[in-house]
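Below, in structure tokens: the form predicted on its own, a single chain.
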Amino acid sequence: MIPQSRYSLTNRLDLEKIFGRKAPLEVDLGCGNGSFLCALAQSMPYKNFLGIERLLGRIRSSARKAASLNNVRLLQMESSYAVRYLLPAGSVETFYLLFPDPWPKRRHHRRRIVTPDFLGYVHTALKVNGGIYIATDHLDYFRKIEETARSTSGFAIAEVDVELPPSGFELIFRQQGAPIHWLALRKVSPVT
């Protein structure tokens, strides 16, 4: 985990110092138990991986899984806050947002993470041609995410052209026979 005593909650992260090297950064937003994050990190040791998760139990599980990996760091906090305030502009190659809470009740929709503002913060943190992969089993939320992405400048919808390890939620939903909906967005121009 990133030691809390050495970093501010309002200053941008010094990623080179945190990882002890300069390498492309991939960020798992809501990394859960760390299975997906650690599988990615093992398959790409030449990249740095940051897992962000707000729940302490999940962070602890992720930390156990990542203990032997030199290219993984963990941050316990809300993903949207970290993207907005802590990740330096142009620092992230790829974001992963896998199975965010769909908040299916209409009165809770305002709690959903994917909003035009959130995508604007993602855009700022991404490198040129960087991207975000989003997955959900909830079709209505997927349609709303896609609608939000289409109405947000600076992104193009792209093909999901990589083979990604399954996350824990993906395995559960597939066992239940639920279809998984994927969306890939690429940064194409500045947000105006």
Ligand SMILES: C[S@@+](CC[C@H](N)C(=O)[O-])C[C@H]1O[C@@H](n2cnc3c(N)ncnc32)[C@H](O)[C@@H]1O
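The shown structure was predicted, so the numbers you read here are calculated from the model rather than taken from an experiment. We number the residues from 1 along the sequence you see.
Beyond the structure shown, there is the form predicted together with the ligand, which is absent from this document and is the topic of what follows.
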* Asked: Out of A63, L55, V160, L164, which one falls within 4.5 Å of the ligand in the predicted complex, going by heavy atoms?
  -> L55
* Can F99 be called a contact residue for the ligand in the predicted complex at 4.5 Å between heavy atoms? -> yes
* Can you check whether G30 is within 4.5 Å of the ligand in the predicted complex, heavy atom basis? -> yes
* Should P24 be classed as touching the ligand in the predicted complex when contacts are defined as heavy atoms within 4.5 Å? -> no
* Partner proximity in the predicted complex: F19 to the ligand, non-hydrogen atom cutoff 4.5 Å -> no
* Can you name the residues of 65-79 that have a non-hydrogen atom within 4.5 angstroms of the ligand in the predicted complex? -> M77, E78, S79
